Structures are given as C-alpha cells and as structure tokens.
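Here we start with a single chain on its own, the form predicted alone, put down as structure tokens.
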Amino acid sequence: MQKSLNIDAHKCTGCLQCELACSYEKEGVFNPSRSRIKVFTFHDLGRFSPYTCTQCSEAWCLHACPVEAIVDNQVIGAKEVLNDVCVGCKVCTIACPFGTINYNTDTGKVAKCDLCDGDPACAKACPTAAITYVDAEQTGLSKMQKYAQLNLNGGE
C-alpha cells in the first residue's frame, strides 16, 4: 500500500514541532531553517499551514534534473535526491511548481522531503495530527493533481 503525507491545515497550531523534528532527523540540529517541511503563517488570519513536497507522480523535479540525481523510490512513494550524484545546479528548484526543493548552501546540494524512509519524523512529532502518514488514496492526491494540471493548462 502506497502511503503519503496528509496535511490538515485546520489542525495546525503553528508550534513548529514538525520543522524541528525534520531538521533534527535530516540535519542533526534543531533548526527550522534546515527543515524540509515549512509552516506558512497567515498573520492577518491567525492561521498556519504546513507544506512540503507532495511527491508528484509526474515529478517535474525528477524530469528536469540533468544528471538524474532525483529518483523515484516506488517502495515508499518518495522522490529522493542522490547526494553523491547531485551537482547542485538547482534546476529542480526551478522546475518544482510548489517551491518545496531547497538548496543547502552548506553542502552545495538540494534537499527535499523523502518521507524519512517511510517513517516521517514530522508526522510523528505533530501533536495535533495536522500531519499524518496515511494510505495515499486518503490524501486527496488526485484533487491536487487536477489542480496542478489546471494551472499548467492556464486554468482551462
């Protein structure tokens, strides 16, 4: 069964536990700026919304990479960056329509969510279950893909 992250922004309190858990899991430091998941704050509304890579089935980042440093891990459903292959050209960051691939100036490589090898730290750390790791059929992935396709075709 394919699984994916499900984000329910209505449950997010902006505590940033997801960012801290991710940065510690992936970088060994508690530093939200090093996280692969971000919490966007709508200050005027008093709302928060976590966002990260949606692991698109037709991943533009993967297809754009000139050195094939992004691969599809079909076991867990993640698009993973092969650090030993990545040359840090940032073409994938431009190709991603959601802005969820980041360039790490310390390593000279890109970083994105890889679902923590099937056990996402962000979901485990979320105290309100705003982030869960569930069967992909429950996440509304098809709805997101339809929305992305509409934007790709100029809103047709």
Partner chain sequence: MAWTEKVLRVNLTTGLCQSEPLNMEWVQQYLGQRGLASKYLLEEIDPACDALSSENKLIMATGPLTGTMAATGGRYSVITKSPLTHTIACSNSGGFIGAEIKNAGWDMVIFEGRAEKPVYLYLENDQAQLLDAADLWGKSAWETDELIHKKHQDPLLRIACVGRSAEKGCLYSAIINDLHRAAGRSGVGTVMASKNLKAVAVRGTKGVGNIKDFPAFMQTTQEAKAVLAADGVTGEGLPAYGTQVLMNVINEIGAMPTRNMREVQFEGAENISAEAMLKLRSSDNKANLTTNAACFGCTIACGRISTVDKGHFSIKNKPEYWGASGGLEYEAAWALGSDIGVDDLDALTYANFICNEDGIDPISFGSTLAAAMELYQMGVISDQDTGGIALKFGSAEALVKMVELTAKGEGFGLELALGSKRFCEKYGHPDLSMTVKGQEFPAYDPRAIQGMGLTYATSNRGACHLRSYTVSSEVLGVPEKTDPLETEGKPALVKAFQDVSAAIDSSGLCAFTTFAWTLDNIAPQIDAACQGGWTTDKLLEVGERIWNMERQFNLQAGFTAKDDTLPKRMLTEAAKTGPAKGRVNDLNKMLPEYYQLRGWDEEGEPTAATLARLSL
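Residue numbers count along the first chain shown, from 1. Keep in mind that this is a model prediction, so the values were computed, not measured.
Unshown form predicted in complex with its partner chain; subsequent notes refer to it.
- In the predicted complex, its partner chain lies farther than 4.5 Å from every heavy atom of V67.
- Taking the partner from elsewhere, T93 is found to have every heavy atom lying beyond 4.5 Å of its partner chain in the predicted complex.
- In the predicted complex, at least one heavy atom of F30 sits within 4.5 Å of its partner chain.
- Contact check for A125: a non-hydrogen atom falls within 4.5 Å of its partner chain in the predicted complex.
- The stretch among 57-65, 44-52, 108-116, 85-93 whose residues place heavy atoms within 4.5 Å of its partner chain in the predicted complex is 44-52.
- Within 4.5 angstroms of its partner chain in the predicted complex, the stretch 3-17 places a non-hydrogen atom from each of T13, G14, C15, L16, Q17, taken in sequence order.
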